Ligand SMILES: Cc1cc2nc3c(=O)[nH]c(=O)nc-3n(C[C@H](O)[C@H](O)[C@H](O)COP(=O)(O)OP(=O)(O)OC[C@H]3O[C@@H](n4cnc5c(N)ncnc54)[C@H](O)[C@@H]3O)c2cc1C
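This document opens with one chain alone, in structure tokens, the form predicted on its own.
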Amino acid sequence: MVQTFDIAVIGLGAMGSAALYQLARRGARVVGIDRHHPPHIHGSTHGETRITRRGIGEGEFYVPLAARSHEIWRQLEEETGKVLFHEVGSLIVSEHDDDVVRPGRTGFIRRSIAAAQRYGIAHEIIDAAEVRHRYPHMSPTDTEIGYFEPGGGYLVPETCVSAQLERAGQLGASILTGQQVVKIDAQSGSVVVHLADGNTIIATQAIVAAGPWAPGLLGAPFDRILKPTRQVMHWFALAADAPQSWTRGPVFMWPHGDSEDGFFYGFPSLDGRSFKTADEFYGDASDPDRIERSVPPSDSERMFRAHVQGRLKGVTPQVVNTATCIYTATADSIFLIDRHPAHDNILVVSPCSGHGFKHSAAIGESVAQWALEGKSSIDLSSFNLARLLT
């Protein structure tokens, strides 16, 4: 069977579901395809919560995406009646003069402050004593400071994806799940998408938002510049006498020490009994179809000792839950959003190096504009492919 569309969106995680929704809003004849049944646990878009904030320490060029995404999440909440964005505030704790080289986050707190100042984002700079006063479950040292952004918080990734897919379907998009794309043939004026079941999709353009599967699907040069890596999230039990501030605190990010690995982040307790935290790993590449999903106790023990112990109060080493996801990273940890170098009718969308979900709603809107109108309202030039090929 052959079906024809204006645009095919391949991959329906954070970026793909957003693009599908925005294309459908604009009246495009669009189909979304995913090898699994999103929202699912096999890629990058799952695990209960994702941090969002607007003072982006990874680079000021991200700020317009984050700000626009906040507007879109609220719009989606009105359209669907679903709660997507919990505005509990976000906090960075760090030495003010931290210059340890970390992927995308060198000088993280200073760059976050600079971004907030440039874009007029409401924020406070507070000393360690004030952090401890407001949030008794946190124990920064006297030489650390806090950057607090009241408009930050967390998103519910599974609900965000399902809301956008639901609206896309209501607006006329076709959605094919449990369908693996095995090959893409691009020609002048058309893209032929071959499915594992033998069926074919023909579209004028394709948007490839396949995350960790993008390198294998696209081939050169993407197979050498995109690296999927396994990441682990941990949920630790709170002690019976844990500070009550655990349930009303902000999301947080905490670079520390003199090692590249000295960075972790976490969330307020959603159930009053446990909290979620994670660090980041940029080691060897992982095969997304053969990723090890089980997490040995030693990994959670390492996480507790390296990051949690001595910095967070009322946390026990008892592991309540673990989960794995996949980052797909570029060498400079900056997004990739650009046309395929050999096929102008294929847009490759945002392997995000682990910090993309907060921007995904606006990325979806931007690539929909690019595909249909030839340009986006937000400048995407910082995410070009050429920088990774030199």
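One rule holds for the numbers: they count along the sequence shown, beginning at 1. On a predicted model such as this, the values are computed, not experimentally measured, just so you know.
One more form of this protein exists, namely the form predicted in complex with the named molecule; it is left out here, but the text below deals with it.
This chain appears without its partner; in the predicted complex, the one residue of His340, His40, Arg26, Arg29 with a heavy atom within 4.5 Å of the named molecule is His40. Looking at the named molecule in the predicted complex, residues Gly211, Tyr327 and Pro351 each place a heavy atom within 4.5 Å of it. Remark: of stretches 225-233, 141-149, 96-104, 117-125, the one touching the named molecule in the predicted complex is 225-233 (heavy atom within 4.5 Å).
By the criterion of a heavy atom within 4.5 Å, Ala14 is counted among the residues contacting the named molecule in the predicted complex. Taking the partner from the other structure, the named molecule in the predicted complex has a heavy atom within 4.5 Å of a heavy atom of Arg50. Taking the partner from the other structure, the named molecule in the predicted complex has a heavy atom within 4.5 Å of a heavy atom of Gln180. Taking non-hydrogen atoms only, Arg68 never approaches the named molecule to within 4.5 angstroms in the predicted complex.
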